[in-house]
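Heads up, the chain below is alone and in the form predicted on its own; it's given as structure tokens.
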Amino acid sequence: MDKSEFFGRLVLMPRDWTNLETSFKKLPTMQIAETRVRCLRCHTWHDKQVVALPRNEFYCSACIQLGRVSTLENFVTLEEPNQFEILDTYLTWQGELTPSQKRCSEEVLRAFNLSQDHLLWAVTGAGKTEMLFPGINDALQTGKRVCLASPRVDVCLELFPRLQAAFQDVDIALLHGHQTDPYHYAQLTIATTHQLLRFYHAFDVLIIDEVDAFPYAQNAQLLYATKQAKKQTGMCLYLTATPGDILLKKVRQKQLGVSYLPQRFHGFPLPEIKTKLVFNWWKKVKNKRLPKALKTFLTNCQQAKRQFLVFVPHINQLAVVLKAINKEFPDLKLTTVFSADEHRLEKVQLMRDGRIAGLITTTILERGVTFPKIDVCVLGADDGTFSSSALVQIAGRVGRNPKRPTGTVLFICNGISRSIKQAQRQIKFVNHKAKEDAYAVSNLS
């Protein structure tokens, strides 16, 4: 048994353990009330009748994918000892930050040192990950345990090689639901937010990327996991381009520090949204006829040999759109992808490797995944599935590479919805703000 596997973790106590060493802490798995029980891993309340087991025992159905928790069992944990070898420096990244990035990076580092919760609010393509490097390096040098968590596994898979390249001498743990490698103790961890449910007062610095993204946003289970995973003396850094009302309220009430950056790292503005009204576009696609605007978009991408993403509102539309495109463009190599797709990770990697021309996707790829030099089209952008923040994030996939800082963002819709208008206004606002003040004031009073 390797004790490090229990450091700052909630581990179900093996049933053959009869005597615990004094260093281990034994914790209950469930709180039992008169008519309800609450899981002490995910904090979910259940009606007793719904989750009853034989012999008046109960289990949690909400986090069962992490292993069944029941009143028959206990958790065991060991206090996080920060048992790390300290190096002179950990950062091997040789890049340079812009003045605006450097200002935000210094503010983040200060928040790490003071253990104060902080919000890094920066437009898509601002270089948020690189802005974290000095702060992470300082935290590691001072023996702190650091976790960078994201709601999306695709984002974790993209962050992992980037942090490996930036911190080449650091052992980094990667944790997500598709993982086959066994868990190991590490000073720097990259994890999906669901994996935080396995931790208990582990991290001195907990960074939540894409904090407004599904399934993290307004998910009580994951918000509780965040609180439980960080140490009582630890801090949280929230990263987003589109903060929600709850975070902004905390900023206004001075409960949360903030660094604001409305400019991309290469200095070019965000590509603005172009809309094309196509009434009954879905009826046409079902008849294997492409709207003229979509046909022109795909033709331009094919001729320029540019990759593209085509977003649709609903999973059942993916195959229909693929067939219609294949009929008009038989030479285009493309496929579909969605959250429950068993081959999702492989398909995204095909796109990264340039082995396919494009992906037809749901909102699963709206954020956190970077493909260089792509264009984007959204079919049915006026559908209620697409919030204004989702549309901003989708538009933000374009123009992220300094070698092609521009690109096409095309919304095909039956009408101009409120969300589309808000997304257009927000992009125009941040572009204006970036022009007006290149150094972006952090004081949002």
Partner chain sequence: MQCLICHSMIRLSWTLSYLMMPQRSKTETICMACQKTFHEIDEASACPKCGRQQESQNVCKDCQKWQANGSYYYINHALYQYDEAMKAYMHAYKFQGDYQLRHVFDTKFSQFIKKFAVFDLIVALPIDKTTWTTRGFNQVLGLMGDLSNNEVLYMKRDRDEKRQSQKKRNERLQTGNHFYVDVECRQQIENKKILLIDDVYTTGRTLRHAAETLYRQGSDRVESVTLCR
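Residue numbers count along the first chain shown, from 1. None of these values were measured; they are calculated from a predicted model.
Although it is not shown, the form predicted in complex with its partner chain is what the next lines describe.
Under a 4.5 Å heavy atom criterion, is residue 72 part of the interface with its partner chain in the model of the complex? Answer yes; at least one heavy atom of residue 72 falls within 4.5 Å of its partner chain in the model of the complex.
Could you tell me if residue 65 has a non-hydrogen atom within 4.5 Å of its partner chain in the model of the complex? Yes, residue 65 lies within 4.5 Å of its partner chain in the model of the complex.
Although its partner chain is absent from this view, report whether residue 31 comes within 4.5 Å of it in the model of the complex, heavy atoms only. So residue 31 does not count as contacting its partner chain.
Is there any non-hydrogen atom of residue 51 lying within 4.5 Å of its partner chain in the model of the complex? Looking in the model of the complex, residue contacts with its partner chain include residue 51, since a heavy atom lies within 4.5 Å.
Would you point out which of 34-42, 390-398, 409-417, 56-64 contains residues with a non-hydrogen atom within 4.5 Å of its partner chain in the model of the complex? Stretch 56-64 is the one.
Please say whether the CA atoms of residue 182 and residue 16 come closer or move farther apart in the model of the complex, knowing the change relative to this form is 3 Å or more. Here the pair is closer than in the model of the complex; there, farther apart.
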